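Below you'll find only one chain, the form predicted alone, shown as structure tokens.
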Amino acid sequence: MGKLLQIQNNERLNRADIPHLEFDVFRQELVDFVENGGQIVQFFAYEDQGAMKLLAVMRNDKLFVAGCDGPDHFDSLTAESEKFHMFEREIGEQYGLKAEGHPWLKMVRYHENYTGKKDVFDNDYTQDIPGNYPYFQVEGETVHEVAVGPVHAGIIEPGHFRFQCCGERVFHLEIQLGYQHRGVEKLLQTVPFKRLPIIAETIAGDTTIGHSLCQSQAIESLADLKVDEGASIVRTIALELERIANHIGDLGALSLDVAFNPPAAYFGRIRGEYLNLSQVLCGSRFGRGLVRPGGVTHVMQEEQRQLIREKLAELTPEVIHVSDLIFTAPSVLGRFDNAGTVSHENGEKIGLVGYAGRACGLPYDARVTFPTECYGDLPANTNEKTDGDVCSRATVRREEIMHSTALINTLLDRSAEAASYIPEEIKLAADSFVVSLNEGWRGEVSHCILTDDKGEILRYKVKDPSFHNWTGLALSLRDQGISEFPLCNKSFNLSYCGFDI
């Protein structure tokens, strides 16, 4: 792919081997790549010995990387492709590098940039949250705004949703997050090494396994740690249990949003059963404390194996039955069908990932394209309904529940046992780079680590799938009735905290 270097998932590279291009060449390489159907995994800035740098990790069916010096001002890539939109805003927010010509250059989150530079944004709204935030406006006598949040009626994280409407019809939805910025990436670069797994598990509480697995794999690559087959089986089962529990919870919530209460009650109870299976596996319903660099902290014995196998056999018919209640009810399908549609073209343009992308006909699944742990020899899933609407997103979830159940049953029949995890002093390779990708339940989770000449973490970059997909939610409301917002929102069910890092 031109001057980009092809790499492997979780491959350790010497930083000197990463192509360092002139900015104009770097920019053109990335633009050409996405125009040919490629997507962005990571695009971020970092500081190295007083100099600003940019680094990009790209993907099609392979992974590629390149870097360049980071100019204070540069021609926006978003002007050529929407895929760079959020990444360039984040680069400006974090390191004060301004993408000239960006169509909507604003902070992603509220905080001072890491370098202490003056803000590069045209509006000084960083000290007045959120009063001076420049929202997009639609003008006209019959146009009105509806503002929702950041304080919500339920127990929910803060986010502001600004609707531009004509009557009930939504012209445009702008979503502003970042109200509880935690500075996770900075923490990962500064805290004692032993705290890294604890922080990774709390990046997004419902994606504990997805984030901790990415971090552990990246560290294992940099520290040359080997993971035995038994540990890989446990990790893969844990990730699939996390996927099932979240999809089941959301199918129940979707039922509740269309006032079909029985499936919501059934699935609420069943979700708890799957969370309890995670507790059987590792002592935590959310998988906390299980995945660590070098293996897992809990060995799966025959007793746990049998408990999980028997409970899956009991729950699977229940899941099928309750799913049938949802997908055969005309009143439910009347609300799901053709609601909140994101077209295949728009999904590709903004880089949707996970079930939201697959519901638009974008087949990408990191478990298949960049397999880790046991996924290389496990069967892929298929999706039958890919119209991009609420019904498609719900159907993909149903398909993934059944697929994940089959994967777990396959893995339970493998007899390899994990060796006991023993904490050890870990030394990371100096002047190195690694990127780790896994298919979390929402989609592609990625962690990228660069080390300095002493083996210390120079830059730690995290990307949750919600970083891509919040824009998809905004697009799904265009030309919809505003009353469809709760349904569309739940069909995506994106993470506030996973975005606000």
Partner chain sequence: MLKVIKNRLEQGHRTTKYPKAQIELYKRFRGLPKIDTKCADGLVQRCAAACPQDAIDTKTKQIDLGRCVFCGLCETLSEGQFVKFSQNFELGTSSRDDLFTHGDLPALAEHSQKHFKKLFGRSLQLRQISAGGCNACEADINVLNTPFFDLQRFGIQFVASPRHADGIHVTGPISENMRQATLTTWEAVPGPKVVIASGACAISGGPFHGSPEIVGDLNSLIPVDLYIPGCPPHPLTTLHALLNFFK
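Since this is a predicted model, take the numbers as computed values, not measurements. Positions refer to the first chain, counted from 1.
In what follows, reference is made to the form predicted in complex with its partner chain, a form of this protein that is not presented.
Between the options 416, 147, 166, 187, the residue in contact with its partner chain in the model of the complex by a heavy atom within 4.5 angstroms is 187. When you look in the model of the complex, the only residue of 205, 134, 363, 101 with a non-hydrogen atom within 4.5 Å of its partner chain is 205.
Here the chain stands alone, but in the model of the complex its contact with its partner chain, taken as any heavy atom within 4.5 Å, falls in 196-204 among 196-204, 333-341, 388-396, 347-355. With a 4.5 Å cutoff on heavy atoms, residue 328 counts as touching its partner chain in the model of the complex. At least one heavy atom of residue 279 is located within 4.5 Å of its partner chain in the model of the complex. In the model of the complex, residue 218 stays away from its partner chain, with no heavy atom inside 4.5 Å.
Mapping the unseen interface onto this chain, residue 92 falls outside it, with no heavy atom inside 4.5 Å of its partner chain in the model of the complex. For the three marked residues, 38, 42 and 61, no heavy atom of any sits within 4.5 Å of its partner chain in the model of the complex.
Contacts between 152-175 and its partner chain, taken as any heavy atom within 4.5 Å in the model of the complex, involve 152, 153, 154, 155, 156, 157, 158.
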